[in-house]
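What follows is one chain in structure tokens, specifically the form predicted alone.
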């Protein structure tokens, strides 16, 4: 074991490439997905089919701020390396293309399949700007499209929309799943301050089943981008998890992702407690949902930004990135069930040689830090550069909190809402702990206590934070403190 009382400084000299090339601009993520150019927000239509992970996303191809929404498209075979594809869905006379989901219709319930092959069916919100300008409430309806070539090209259904707005201002973000016990599709839809469940036998006609959440969870803003799925906890109990994104009203202000655990019978979701829980306690994970058709794995992806300042962050050619894809599990702690989040195992495909941080290594400015201890005490990890910019990540024993301090981590004047200090209560109760930090050019993702606490934060240093130090004045003993370089994913 290595005692880390006092300050140990490790300087890691990073190599740089030309900023003039695409995917080499200042602040450009090197291990996270970001669009080639222009504006991106919510991940949409996450589906795995025939060895390919599809990522559709809210996209405006004409500017680096929000505009008339399309579905951008990228694909991957390993969730790490991405290939950009042409725009999948364009706005039409019904409306813009807002968020939604994609399913594999194995039984061809929709009738869109051909030659014995199941179609991919996209279910998405269309937002009518003309009706919005006229002051109407029913501006959002649900439409569908289908693909017979594995998601490369899409045909919109001739009789869209398939679900008509009942007359409310927020009626969007359908997440659809197959409910095998009753052989029907379930749509989980965000409807203003609650979730409404609909069912269908064919993806074309929908029947309202129930509502949930008017008096549950966080309600500081509108509910958006829901997701419903079953999980088996570590004690063998089968539960259902309902994800609900909210904007504003997150634990750090602005947007965030909350969740509920309970039961679902094909009609009604019944929570097993009233506690408000967060998938990510940081300031920069939103619209997070999971992939469909991944078997026993539950893979989560979020938008790595916050609506408080997303349109004004200091990037030029593109705006925003996705989080690292994460695998979710359900863990019982004391008498409660909590989601845990960890980077997907496929991240190992870009890992270099693991190094003890006492040694110096040349590499890129993206890396992973792993720290573990048998006796948790207050400590901090500082990422810094010779411009005196620094990001501090740590644990405060007195407050029993994990935290990220980005007050001096670079540019922040672009928004008064760019929170400088972010904290989360520690959920785990044991004395041993582990922390994993995934660091990219302008982001850090913290996974503590095997993912019971997750925090995501973006930052904008003028130069890469290429120095790492571990500090403690409280007798902190690190059983493990390692640095692993990560290879950039873009050519």
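This is a predicted model, so every value here is computed, not measured. Numbering follows the first chain given and starts at 1.
Form predicted together with a small molecule: not shown, discussed below.
> Is residue 69 near the small molecule? Define near as a heavy atom within 4.5 Å, in the predicted bound form.
Because a heavy atom of residue 69 falls inside 4.5 Å of the small molecule in the predicted bound form, the answer is yes.
> Can you check whether residue 99 is within 4.5 Å of the small molecule in the predicted bound form, heavy atom basis?
Yes, residue 99 sits close enough to the small molecule in the predicted bound form that at least one of its heavy atoms falls within 4.5 Å.
> Classify residue 145 as contacting or not contacting the small molecule in the predicted bound form by the rule of any non-hydrogen atom within 4.5 angstroms, answering yes or no.
Residue-level check for residue 145: no, no contact with the small molecule.
> Look up in the predicted bound form whether residue 389 has a non-hydrogen atom within 4.5 angstroms of the small molecule, and give yes or no.
Looking in the predicted bound form, residue contacts with the small molecule do not include residue 389, since no heavy atom lies within 4.5 Å.
> What stretch, of 275-283, 398-406, 170-178, 209-217, brings heavy atoms to within 4.5 Å of the small molecule in the predicted bound form?
Selected stretch: 170-178.
> Of 368, 224, 327, 105, which one comes within 4.5 Å of the small molecule in the predicted bound form, counting heavy atoms only?
Checked against the cut-off, the match is 224.
> Select from the listed residues 424, 58, 466, 30 the one whose heavy atoms reach within 4.5 Å of the small molecule in the predicted bound form.
Checking each option against the small molecule in the predicted bound form, the one that comes within 4.5 Å is 58.
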